[in-house]
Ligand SMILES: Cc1cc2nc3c(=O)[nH]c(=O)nc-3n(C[C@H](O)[C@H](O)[C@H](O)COP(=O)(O)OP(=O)(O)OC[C@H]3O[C@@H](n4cnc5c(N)ncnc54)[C@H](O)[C@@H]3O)c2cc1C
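The chain that follows stands alone, in the form predicted alone, written as structure tokens.
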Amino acid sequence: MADPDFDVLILGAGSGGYACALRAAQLGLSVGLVEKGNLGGTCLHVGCIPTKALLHAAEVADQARESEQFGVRATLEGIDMPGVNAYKDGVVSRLYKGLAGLIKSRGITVIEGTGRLTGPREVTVDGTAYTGRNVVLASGSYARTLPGLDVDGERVITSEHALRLENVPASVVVLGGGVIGCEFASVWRSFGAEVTIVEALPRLVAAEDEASSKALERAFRKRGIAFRTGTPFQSVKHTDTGVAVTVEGGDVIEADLLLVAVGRGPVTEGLGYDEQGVSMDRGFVLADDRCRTNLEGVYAVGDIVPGLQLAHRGFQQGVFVAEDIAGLDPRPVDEAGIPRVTYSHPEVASVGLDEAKAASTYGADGIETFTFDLGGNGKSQILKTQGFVKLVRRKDGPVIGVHLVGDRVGELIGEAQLIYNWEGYPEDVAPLVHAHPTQNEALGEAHLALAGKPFHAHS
């Protein structure tokens, strides 16, 4: 091919795309970054950041409502949604400006407009063709719905609509008990809404360890969040005041709104991937463990690749691809080593294999588990949170799974993912000193117990 316009041409500036762009520029490569919306993609604008801002506002509401148990007399006068939205939007705006400035300072060429793959190493943006020595597909995801279920953006909404609500609904049906559904259910309950989750699978957050699902269900039940698991959705009708949701068995649940939170689909249709011969499966781009598609010089990262649809997964894949293109021979991203967090109240976090997957891989006799109850942890008592740290290890081997439930346990997943990714043994972690009082001690205590030295736990 003739000299390309860029060493790396990236289609999509979400977490995977912009991470690839920043690392490639840092390594001295020329970079073109195509984006039809705002830099930062789903995560920054309609995903991770704004939803976690809502969840923090919800935590503040709960603290005000429950302050008397800490000896503080406060009253919750209500939820000012315009004020909540201003806080949320302010966080997004500051991060967006910082990202835009960073990309500009690295000399990355931002190409604004709708891009389409029009050749093996060519992307056409609103009629203008650009070429790259390497092309990275990072076009992201959208909020899915179900066949025959029309999202009108008013009474039947997705998470993106939910982020723009100007008032707190009195009642909501949440269709989907995965991460997104549970997080919004948690927010709305803290804001005072009546919430019912409808989930076709047998349990909430079904991708997590069964013990974590059961703990979250107990906590939601205690909070007054209703849920119907093992219950497929059938239909929804508009009523004079909202919606009537019919589930399998004929039961009807009435509410102001129906939130459709049944997962996210890959944004690949109409982008030329099929026409150029990119291997696809149900809309997803197939890539190997080095993020390479079947086309020479064409990579794919993030939500369009089958696997966990998490911003930090896409980010790390983007960094990996930039380093791979630069010839640094980086280590591929281990899917099981990607930390996972549901930021509900309480939080659920994990890394590695759950007990069932570990048992199917190594045999029930080939693994050991230990669960440390947060009731034995001082900081958790101070925070008045319940939950646990559950470890899964290969018998006489390394820790292969860490599972956490409790308020703020997402902050513990950093150490947990180091233990998993560095194939740490409980005996390796047991001598490490954990600050007191912290919830981090619970991780230490669990490893002490698995190493045969339990202190505040029964072995």
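Residues carry their position along the shown sequence, with the first being 1. The structure displayed is predicted, hence computed values, not measured ones.
Keep in mind that the form predicted in complex with the ligand is not shown, yet the notes after this line are about it.
Colleague: Is it true that 346, 384 and 405, all three, sit within 4.5 Å of the ligand in the predicted complex, judged by heavy atoms?
Modeller: None of them does, since no heavy atom lies within 4.5 Å of the partner.
Colleague: I need the one stretch from 364 to 372, 263 to 271, 287 to 295, 75 to 83 whose residues put non-hydrogen atoms within 4.5 angstroms of the ligand in the predicted complex.
Modeller: Selected stretch: 263 to 271.
Colleague: Pick from 56, 36, 394, 434: which residue has any heavy atom within 4.5 angstroms of the ligand in the predicted complex?
Modeller: The option sitting close enough to the partner is 36.
Colleague: Considering non-hydrogen atoms and a 4.5 Å limit, which listed residue (190, 212, 159, 380) is close to the ligand in the predicted complex?
Modeller: Answer to the contact question: 159.
Colleague: Quick one: does residue 350 come within 4.5 Å of the ligand in the predicted complex, counting heavy atoms only?
Modeller: It does not: once the ligand is placed as it appears in the predicted complex, residue 350 has no heavy atom within 4.5 Å of it.
Colleague: Using a 4.5 Å heavy atom cut-off, state whether residue 180 contacts the ligand in the predicted complex.
Modeller: Contact with the ligand, yes.
Colleague: May I ask you to check whether residue 299 falls inside a 4.5 Å heavy atom distance of the ligand in the predicted complex?
Modeller: Contact check for residue 299: no, nothing within 4.5 Å of the ligand in the predicted complex.
Colleague: Residue-level contact is defined here as any heavy atom of the residue lying within 4.5 Å of the ligand in the predicted complex; does residue 318 satisfy this criterion?
Modeller: Result no; residue 318 lies far from the ligand in the predicted complex.
Colleague: Going by the ligand in the predicted complex, which residues of 294 to 318 come within 4.5 Å of it through any heavy atom?
Modeller: If the 4.5 Å heavy-atom criterion is applied to the ligand in the predicted complex, 294 to 318 yields 301, 302, 303, 309, 310, 311, 312.
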